[in-house]
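Before any questions on binding or motion, here is one chain by itself as structure tokens, the form predicted on its own.
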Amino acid sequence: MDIYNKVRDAIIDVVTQRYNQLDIKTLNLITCEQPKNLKFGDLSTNILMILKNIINEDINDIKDLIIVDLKAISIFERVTYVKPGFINFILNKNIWYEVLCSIIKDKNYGLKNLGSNRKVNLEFISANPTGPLHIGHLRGAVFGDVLSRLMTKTGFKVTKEYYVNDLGNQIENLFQTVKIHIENTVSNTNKALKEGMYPGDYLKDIALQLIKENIDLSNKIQVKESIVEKTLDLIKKDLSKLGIVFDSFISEKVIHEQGLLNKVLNILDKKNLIYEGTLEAPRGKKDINWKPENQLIFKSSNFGDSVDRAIKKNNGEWTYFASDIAYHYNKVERGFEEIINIWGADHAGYIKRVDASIKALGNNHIKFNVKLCQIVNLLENNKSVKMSKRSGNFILINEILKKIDKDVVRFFMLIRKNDAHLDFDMKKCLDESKENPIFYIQYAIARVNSLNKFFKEKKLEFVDFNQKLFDKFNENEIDLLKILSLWPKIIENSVIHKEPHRVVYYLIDLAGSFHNYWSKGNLDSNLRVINETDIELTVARLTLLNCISKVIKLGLDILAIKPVEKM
């Protein structure tokens, strides 16, 4: 039972009966939320704020009519008005009984079909195949995987995709690096790596593998393909340790070989959307090496971008953007109705140009969304660990997972909103106290399990939950129920806004409320869950706490975190 949508539907019924001229777009603006200050009520709606901008009547007249109609609905115990235009509700207590019954009966409480089997391409990580994954990839990896799980569980048909950038200078530099390692090993020399090459012993290991395979270094294409394949295997191993499995790996090289780029250019050319010319100097910090060059340019400014963009350089090389145009065209060709990209925050300037390319190719119907993940600041012993991409001293994911369980890592990668900086405190991850939120959440499950065990050992018996048991609830129990009623709303908003951190925030709040309730029982024996002199009260309270445990487990399942049954 989604109490928020139930109340919203009731509000919309009242409003449309009064004002039948309201269109769908206007009705979609009507919200039903939990008020920030709970003293105002259980739920709140912005309906008057919406109507005052549309209906040519005094807001007080509108308010009086709407409130009279709402008061006639049995689910509301009290309806009040708060300036400048909010209506607040106290719900009939029996509504909370219905909520609890729905949680008990529905094994997937809170999960509903929001996607209607809509095909979604979710691309994330897509790190260059030049070595194992490091902490810079970690946040986007977990974010993308959990978003995929959220959307899959709510009716979307999601394909998790990794775009392999296996063309360009980085692959040439990778080849040259491995080549030097092979030559040093075979000829017993000690050639140093040149600028732009990749440090890391893993490439020495790949060189040894190629020597054993007797690979022909003169066959440069074959060697490059083999190196990329082996580095991708390293990446896949890291992903497996994180609990992440991709549905597809799409090669940039294959996209070029299939002629998709030429196909896209022909379409753009026929639409008169590409031209030979020069671009203005980049804005912001001046580059003393910049000079105007004649290039092949896409008219991206026609479709919302700030400037036009080069797709072919003066030396005949394709730009990265050219490949991205072809790749996103390929996504559309494969029948995806929605495209979601998870990028690092440094790619923010790329969003408009890719969006422009999708629109230019006639795909306005495609929903395109980019979520940016800010950097992760690694803390060890309360000090920031300095990392440098140039020197190759990034902390590898594999190294982190040797110290911290993957479930804890996954949780902490979502403890802040994706576009906010994140401090990843390794000490806090290992802490077994309420200072560590995932420990505190797991501890809630363990505590409920201990109550169930005690109940069973006392040879007490559960009975089906009923109105008589519900009537034994005090204000504390009803408050817990109100928090549980938020779960469907949390799921819906997490999917709509593509923000899986909302699940983490909710679980932290729910576990905190549970532990506060537990503590009250330690201070007052009348508030303890197990009361052997009142078995019905015990069953009522234990049923409620098992529902809390159930919702926590549903949340952890979305995060792909295994619940801990005892501690």
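For the two forms, the rigid core is made up of the largest set of C-alpha atoms that agree within 1.5 Å on superposition. Quick note: we count residues from 1 along the sequence shown, nothing fancier. Since the model is a prediction, treat every value here as computed from it, not as a measurement.
Heads up, the form predicted in complex with the RNA isn't pictured, but that's what we're talking about next.
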Heavy atom within 4.5 Å of the RNA in the predicted bound form - residue from 398, 94, 170, 258 | 170
Given that the RNA is left out here, which of 483, 254, 75, 82 has a heavy atom within 4.5 Å of it in the predicted bound form?
-> 82
Contact segment among 399-407, 105-113, 347-355, 260-268, judged by heavy atoms lying within 4.5 Å of the RNA in the predicted bound form | 347-355
Within 4.5 Å of the RNA in the predicted bound form, do we find a heavy atom from each of 35, 497 and 522?
-> yes
Just to confirm, residue 365 within 4.5 Å of the RNA in the predicted bound form by heavy atoms?
-> no
Answer for residue 219 alone: is it within 4.5 Å of the RNA in the predicted bound form, judged on heavy atom distances?
-> no
May I ask you to state whether residue 467 is within 4.5 Å of the RNA in the predicted bound form, using heavy atom distances?
-> no
Taking heavy atoms only, is residue 433 within 4.5 angstroms of the RNA in the predicted bound form?
-> yes
Sequence order please: the residues of 311-331 with a heavy atom within 4.5 Å of the RNA in the predicted bound form.
-> 313, 318, 319, 320
Rigid core fit then residue 46 CA moved by 2 Å or more between the shown form and the other one | yes
Superposing on the rigid core, do we see a C-alpha displacement of 2 Å or more at residue 508 between the shown form and the other one?
-> no
Tell me, please, whether between the shown form and the other one the C-alpha of residue 37 is shifted by 2 Å or more, with the rigid core used for superposition.
-> yes
